[in-house]
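A single chain, nothing else alongside it, follows as structure tokens in the form predicted alone.
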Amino acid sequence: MAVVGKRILVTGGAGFIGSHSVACLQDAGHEVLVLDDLSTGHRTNLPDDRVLTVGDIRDAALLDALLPGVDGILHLAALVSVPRSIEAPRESLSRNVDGTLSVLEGARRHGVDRVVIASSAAVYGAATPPIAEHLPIAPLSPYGLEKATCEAYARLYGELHGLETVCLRYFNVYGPRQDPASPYSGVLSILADRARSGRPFTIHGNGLQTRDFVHAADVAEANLKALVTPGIAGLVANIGTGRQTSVAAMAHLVRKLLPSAPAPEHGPVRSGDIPDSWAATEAARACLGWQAQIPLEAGLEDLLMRSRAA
């Protein structure tokens, strides 16, 4: 049960998952501060941008100004891109690992009770699903390696400094405010945008590769529970639905919901594309009392309708 009245700093709070999490925390009665450099986030994503401080999480002086009196940190700020991490590994390393270390150090200096860190299914690499938390870490990209390193730092800060940390490994998150114009956006956001605009969507390979699509509102609820549930320090948990959906089935569902959408085109298989990925979710259910609530068809229909209204 959530304890009302906590003061929470959300890094990356003007972004896609961040803005959903800010709204969820505020609805639960918490005071929220947002730190975002607006490299991918937008002021308009926030219901009230007066909570926003524009800046870099690697700025220790800025964190020192924001953290007094903060009870918890939801750390979402990151360069969330496997391709970009391959193209620019030093930039990705700095923003993801140095940024996380900066947040952990700030939390230690100011006696923050708990830090919840956004991790990723990318830490697993090509693990055979259903993918459980006990499986070996085997990332296939700098981004996955960086997220695994952030988790290791979180664990170490718990052991060295007694800082409570929780790491949540997100699977394929979708929903409103995910920018379809970004080449690194989620497949569902791009698919919905192209369906709405009458442009064909390219399926790489035969489309039988499967993913675990989880709605951003469900992820926001998991973030809330990770911040306020007692007795879970050190938890690492998958955040997904535990259900697999193929890319081809997703394209078929889009055309069912939006009959005017063009038929998908097929392109070559992308190098390094993982065939199948979906989460084992027992840890999140047992430790957080959380499981995804939004059915995929309902979430996708809402996304399509919002896209048409945009």
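The first residue of the shown sequence is 1; numbering continues from there. This structure is a prediction, so every number in the text was calculated from the model and none was measured.
Only in words, not in the display: the form predicted together with a small molecule, which the text now covers.
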### Query
Okay, which stretch from 108-116, 71-79, 228-236, 159-167 lines the small molecule in the predicted bound form, with non-hydrogen atoms inside 4.5 Å?
71-79
### Query
Looking at S92, T149, S102, N172, which is the one with a non-hydrogen atom within 4.5 Å of the small molecule in the predicted bound form?
N172
### Task
Give a yes or no for A14: in the predicted bound form, does one of its heavy atoms lie within 4.5 Å of a heavy atom belonging to the small molecule?
yes
### Message
Test of understanding: in the predicted bound form, would H252 fall inside 4.5 Å of the small molecule by heavy atoms?
### Response
no
### Message
L38 versus the small molecule, in the predicted bound form: is there a non-hydrogen atom within 4.5 Å?
### Response
yes
### Message
Just checking whether A284 would be counted as a contact of the small molecule in the predicted bound form - the rule being heavy atoms within 4.5 angstroms.
### Response
no
### Message
Taking the small molecule in the predicted bound form, would A220, Q244 and W290 all count as contacting it (heavy atom within 4.5 Å)?
### Response
no
